[in-house]
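Okay, here we've got a single chain as structure tokens, the form predicted on its own, with questions on binding and movement later.
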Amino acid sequence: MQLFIFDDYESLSHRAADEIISLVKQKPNAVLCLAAGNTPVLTYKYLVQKARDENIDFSNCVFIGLDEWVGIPPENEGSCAWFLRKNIFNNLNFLPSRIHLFDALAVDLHTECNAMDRVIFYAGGIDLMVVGIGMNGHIGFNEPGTSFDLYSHISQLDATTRLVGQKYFKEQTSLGLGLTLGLKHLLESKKVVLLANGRSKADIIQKALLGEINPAVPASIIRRHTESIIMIDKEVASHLKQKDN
């Protein structure tokens, strides 16, 4: 595990975008899993800028969705699909046939999870995952208490996730279940980058990086990944007894 502490959100986001660009340059058919959410928004903005400036071709990449709110259609602005379409797919030349997102409206959610696992398996595994960390320590919808040994699964959303998740929707929305890649996918991915910014994430980052590696704090599993990179700003690092990089 590598830890990088940046002066601000902007420099963190530039570095995260560079990590993605570097991989696609080296492996044009890379399998990417890029999380939705507020934290990586600026990373994706810089990613689009850099890709255009350097004429980086994403058409051979495979894209794997990290998670989705069950019952929320992709046209809803609060959905992960809508976020990814707005911030990534509409701005980079990903081929629709190579984009694989959870169908949150699927009749059989277990079959949907199995289908996603097969996609990842036949793609040869995930080359890079870029993820955030929830206020309760979740990654994707792997909520506190989730086994480290799961692949894609249906998640009963934690109260904190349901509450914080409302910020993505224009009106009060019932959120109960999620579909998510499992933490075993994270462990088996070739590289993981975790992003966190802002003082509100300081406590949970401290628990994830300095506390016990335990399903009670799902993000703590990242310390078991030999090719993991933690990118945080100084506000997040305020509770860590670490020197700036």
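This is a predicted model, so every value here is computed, not measured. Throughout, we count residues from 1 along the sequence that is shown.
Heads up, the form predicted together with fructose -6-phosphate isn't pictured, but that's what we're talking about next.
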Partner-proximal stretch of 184-192, 45-53, 209-217, 65-73 relative to fructose -6-phosphate in the model of the complex, 4.5 angstroms, heavy atom: 65-73
Could you confirm whether residue 168 comes within 4.5 Å of fructose -6-phosphate in the model of the complex, counting heavy atoms only? yes
Consider residue 60 of the chain shown here, and say whether it contacts fructose -6-phosphate in the model of the complex, taking contact as heavy atoms within 4.5 Å. no
Taking heavy atoms only, is residue 80 within 4.5 angstroms of fructose -6-phosphate in the model of the complex? yes
Although the partner isn't part of this model, could you tell me whether residue 204 comes within 4.5 Å of fructose -6-phosphate in the model of the complex, counting any heavy atom of the residue? no
Those residues of 33-72 with a non-hydrogen atom no more than 4.5 Å from fructose -6-phosphate in the model of the complex are 35, 36, 37, 38, 39, 40, 66, 67
